[in-house]
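What follows is a single chain, given as structure tokens, in the form predicted on its own.
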Amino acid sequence: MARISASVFTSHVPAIGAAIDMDKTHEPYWQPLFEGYAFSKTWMKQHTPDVVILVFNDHATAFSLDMIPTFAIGTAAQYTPADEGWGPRPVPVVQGHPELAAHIAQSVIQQDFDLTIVNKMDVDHGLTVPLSLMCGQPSAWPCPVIPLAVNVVQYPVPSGQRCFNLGKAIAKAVSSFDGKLNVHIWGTGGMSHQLQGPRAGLINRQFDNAFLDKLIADPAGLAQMPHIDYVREAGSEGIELVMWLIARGAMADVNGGAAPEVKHRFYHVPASNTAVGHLILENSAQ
């Protein structure tokens, strides 16, 4: 059967993608950040999955204010890097996994989650920057990717509990897939940052690191945090962190299994005007 072997959590700051694309990764400002992902690139090569379920938020690229699905799953065979106003990133086309994506949609909808099924969409930095951080600059991404877009741009946005429960439903869906697949699930976005208003540039190290602690040790408790706490403590864009709870909810320990092993943890500020967090968790071998 298919199984989720690991979860990856990372920020998806657009300036990180620009630094990679413009060959600035060794400049003094950027070097400490990219050093924090050196382990991750090696780990990814050694633990390349058959498919990644990548949870991200669209930044008014595939969806506009005319239509905003709360949860949307990509079921296409491939996804083109989006032009976000300065041309598409020079990265490979993302190959999808329609069979697993369709199975997840069927299973999760039958578990009473209303997923929007997307058969065609371009993907922006929310999806491509995490791939670059974990995989470098290959001529082709090492595995297929299933995009799972979450609305954290226009209120109302889903609660942490709803996201956590969706992760559980995804884990159940993957385990019932008729085929042997090694699956990763990635949660992206955050950490603390605010892009506008009097608090623009806000970074809260204490909150961010406490969030990482609790994501590891008490995800069910973390899922109960209300929206106002994210906004107050992590800034208006800090609400992106609820997407990490989808990936965490898909791990074995919250579904009756053993606790995951922390393979890597990294935190760095600043990256542009954002705090960058990163975590790799592995399920125990079955």
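For every residue, the number given is its place in the sequence shown, counted from 1. These numbers were taken from a predicted model, which means no experiment stands behind them.
Missing here is the form predicted in complex with 3,4-dihydroxybenzoic acid (DHB); even so, the following discussion is about that form.
In the predicted bound form, Ala271 touching 3,4-dihydroxybenzoic acid (DHB) (heavy atom, 4.5 Å) | Ala271: contacts 3,4-dihydroxybenzoic acid (DHB) in the predicted bound form.
Report whether the minimum heavy atom distance between His59 and 3,4-dihydroxybenzoic acid (DHB) in the predicted bound form is within 4.5 Å.
-> Yes, His59 is a contact residue.
Evaluate Ile117 for contact with 3,4-dihydroxybenzoic acid (DHB) in the predicted bound form, applying a 4.5 angstroms cut-off between non-hydrogen atoms, and reply yes or no.
-> Heavy-atom contact with 3,4-dihydroxybenzoic acid (DHB) at 4.5 Å: absent for Ile117.
Although 3,4-dihydroxybenzoic acid (DHB) is absent from this view, report whether Gly17 comes within 4.5 Å of it in the predicted bound form, heavy atoms only.
-> The answer is no: Gly17 has no heavy atom within 4.5 Å of 3,4-dihydroxybenzoic acid (DHB).
Partner-facing stretch of 103-111, 139-147, 190-198, 164-172, counted where any non-hydrogen atom is within 4.5 angstroms of 3,4-dihydroxybenzoic acid (DHB) in the predicted bound form | Within 4.5 Å of the partner lies stretch 190-198.
What residues of 228-260, in sequence order, lie within 4.5 Å of 3,4-dihydroxybenzoic acid (DHB) in the predicted bound form by heavy atom?
-> Sequence-ordered list has one entry, Glu240.
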